[in-house]
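The chain below stands alone and is given in structure tokens; this is the form predicted alone.
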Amino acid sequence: MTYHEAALLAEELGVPVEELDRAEFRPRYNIAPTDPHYIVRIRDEGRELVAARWGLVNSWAKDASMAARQINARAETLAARPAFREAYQKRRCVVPADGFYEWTGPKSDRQPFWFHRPDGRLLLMAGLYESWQPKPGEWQRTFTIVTTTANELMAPFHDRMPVVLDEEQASRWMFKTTPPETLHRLMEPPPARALIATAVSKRVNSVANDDPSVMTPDPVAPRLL
């Protein structure tokens, strides 16, 4: 999330601004798997923003070796896979972000595209979270992003994409009492018009680059869309 003003971000997410301070919020431009980020969950009928690490580690895990392989969870198998089943039932969250990156082209010359909302507001992606103990008495919160089949916009880049929710859908996703049939409908691909794909700087190809320049539009990139 690239927001610089915590108050504006808190207002858009519907959380107290003090929670951003506790989570040590700072703007990010190139978040990679296993990096720290933020999630929103329902707590006492209200929304709560908390820090978490990208890559779900189950509560029974002895180490974090599975984190990099559990950065995403397929919508079609959430209810069946042991790694995600309990979190799907009890610990659904929203992962806020300005957008997400996807790539096209040969491995030697990958062109990044930034997928974002036309109005510039935050994306609310469906997620699941867990907590595990790296050592006795120390808990670490982790999360995964739920993916669904690609829509028309995403299909040229990848056959999967994050489940993107609007404000009302996000609330339904997080409520523990939402029935399974409603959850299934929420995980359908969003309309192609819900997102825009913008070619950006290849500096984003290195996770070491985490500054505003990585999101600079690339005027010479191929216009695929």
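Heads up: residue numbers just count along the shown sequence, starting at 1. Values in this document were obtained by computation on a predicted structure and should not be read as measured data.
One more form of this protein should be noted, the form predicted together with the DNA, which is absent from this view; the next part is about it.
Taken together, W60, R69 and S206 are fully in contact with the DNA in the model of the complex: each brings a heavy atom within 4.5 Å. The DNA in the model of the complex comes within 4.5 Å of a heavy atom belonging to R160. In the model of the complex, none of the heavy atoms of S171 sits within 4.5 Å of a heavy atom of the DNA.
Within this chain, A73 lines the site of the DNA in the model of the complex, having a heavy atom no more than 4.5 Å away.
Although the partner is absent here, W132 is not a contact residue: none of its heavy atoms lies within 4.5 angstroms of the DNA in the model of the complex.
The stretch among 43-51, 30-38, 163-171, 184-192 whose residues place heavy atoms within 4.5 Å of the DNA in the model of the complex is 30-38.
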